[in-house]
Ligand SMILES: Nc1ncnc2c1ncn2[C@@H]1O[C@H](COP(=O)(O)OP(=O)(O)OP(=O)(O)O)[C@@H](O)[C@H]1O
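Here you get one chain, nothing else, as C-alpha cells; it is the form predicted alone.
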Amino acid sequence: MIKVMLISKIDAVLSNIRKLITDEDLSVIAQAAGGESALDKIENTSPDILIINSGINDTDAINLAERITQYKPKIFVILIVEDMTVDVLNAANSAGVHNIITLPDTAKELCDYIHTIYNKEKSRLNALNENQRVRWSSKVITIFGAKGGLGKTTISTNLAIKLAEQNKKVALIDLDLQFGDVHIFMDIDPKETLADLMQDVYEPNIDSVRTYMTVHPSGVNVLCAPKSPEYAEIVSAERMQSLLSLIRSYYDYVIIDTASDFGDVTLSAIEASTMILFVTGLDISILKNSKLSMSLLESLKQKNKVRVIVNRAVEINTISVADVQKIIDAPIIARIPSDYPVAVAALNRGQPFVQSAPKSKLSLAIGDIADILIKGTDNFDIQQLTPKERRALIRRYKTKDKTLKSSFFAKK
C-alpha cells in the first residue's frame, strides 16, 4: 500500500484530487492546507507520496516542496500546477522538485503517474542506500550524421519534444559546440550554456546541472551549446563523460545533437550512448561519407548501436532506401519524408513541427520513432517489413511537397 498525503490551500482542489485517487493500492492518509500544520502531519504520518497543489505564484507550495525534498528524501514529492509555464518549471527545478504535472483529467492517469513516480524514486533510493551497480533503464541517444545539413537538429528537437509529450523525462544536449543552434529551433534564450557549466562547476550534482539548463515549454530540459565558437574548447571529452554518467540516472531519455565530426567530445557521446541514430539521405555524396563514417564506427566497436534514419527520403533518381541499407549495412529504423514548407515554417517560428503541425507527415514519422523507443523495439527495421507493410508505411508518410517528384512512392 502506497501512503499518499495531499496539500492545497483550496478545499475544492483537495476534494478533486482525492476523488481521482481510486486505486486500491493507494491510500490517502492525510490532507492539509500547508504551513506548520502540514509539517506536523507529515512528521506524524510519514507518507510515501506527498502531492502538493501549487497555484499561480504560489511560493509557499514551492518552499514546502523544497523543504520536504531536502530534509525528507524518503518522501517523494509530486507538484500539481495550474499552468506548466517555463517560470514554474524553473522554480520547481531550482527547489529540487522534478515530478511536476498539471492535474490529470482521469483517475487512471493520476493513479498511474503516482505509481510510476513511486517505483522510480524507490529504485533510485535503493540504489543510493545499497551502493549497488545500477542497471541503466534510461537511454542515451546520440543523433549523428556524416555531413552538415542532414536535419540532425530538426530530428533531435522534435524527437525530444515527442518523448516529453509521453510523460517522459527528457534532457536535450546540444553538442555541436561551435555552431549549435538547438536554441534557435526551440526559440529559447539560454542564460547559461554547457561551456558555462564546465567552467563554473568542477564536480556537478544533478541540481547544479539543472541550473544551467533551459526548460522548454514542452518540459524538455535543454543544455545549450556555447554562445560563441571560441568557448568550445572549454568542453572536454572527460568532463562530458562524467556529465552523461550523472544525468542519465535522472532522465528517461538523454538526446544528444552532435556536430558532423569524430572529435573527442563527439566520440565520448557516441561511446556513452545506448543508441546512435545515424542520419543519412538519398544522395551519392552523403552515402559516400556515411559509408566511411560507418567503417570508423565499426572499428570503434560502436556499429551495433547504430540505427539509420533516412531523412528527406524522396527517391527521385536511381538510389532507393534498399540501396542505403546495402551501402551502410545497418538497420533502418525510419524514413522521414520531405515536406519543405512545414519544416521551414517550423524553423522560422522557432516552434518544432511536432507542436506547430502535429498532424503533418513529418510529425507522424517522428512520432513513430518515439513509439519505437518507448516500446523498446529498437531492432525495428523497415526493410524487414512485408511488401504490403512497406506500401502502407509509404502511404502514411506521403506528402504534397511539390518541389520533389512523386516517383518517391513508385519504387519497391
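One-based numbering along the sequence shown. Nothing here was measured: the structure is a model prediction, and the numbers come from that model.
The next section is about a form of this same protein that is not shown, the form predicted in complex with the ligand.
A.B. asks: Please determine whether each residue of 142, 163 and 372 possesses a non-hydrogen atom within 4.5 angstroms of the ligand in the model of the complex.
C.D. replies: Negative, none of the three is within 4.5 Å.
A.B. asks: Could you spot which one of 39, 30, 364, 347 gets a heavy atom to within 4.5 Å of the ligand in the model of the complex?
C.D. replies: Spelling it out, the residue with a heavy atom inside the cut-off is 347.
A.B. asks: Which listed residue (325, 260, 178, 249) meets the criterion of a heavy atom within 4.5 Å of the ligand in the model of the complex?
C.D. replies: Of 325, 260, 178, 249, the residue with a heavy atom within 4.5 Å of the ligand in the model of the complex is 260.
A.B. asks: Have a look at 225 to 233, 146 to 154, 282 to 290, 71 to 79 and name the one stretch with heavy atoms inside 4.5 Å of the ligand in the model of the complex.
C.D. replies: Selected range: 146 to 154.
A.B. asks: Evaluate residue 99 for contact with the ligand in the model of the complex, applying a 4.5 angstroms cut-off between non-hydrogen atoms, and reply yes or no.
C.D. replies: Residue 99: no, not in contact with the ligand in the model of the complex.
A.B. asks: Report yes if any heavy atom of residue 268 sits within 4.5 Å of a heavy atom of the ligand in the model of the complex; otherwise report no.
C.D. replies: Contact with the ligand, no.
A.B. asks: Wondering, does residue 311 line up within 4.5 Å of the ligand in the model of the complex on heavy atoms?
C.D. replies: Contact with the ligand, yes.
A.B. asks: Might residue 185 be said to contact the ligand in the model of the complex, defining contact as any heavy atom within 4.5 Å?
C.D. replies: Answer yes; at least one heavy atom of residue 185 falls within 4.5 Å of the ligand in the model of the complex.
A.B. asks: Within 4.5 Å of the ligand in the model of the complex, which residues of 215 to 242 have a heavy atom? Give them in sequence order, or say none.
C.D. replies: Residues within 4.5 Å: none.
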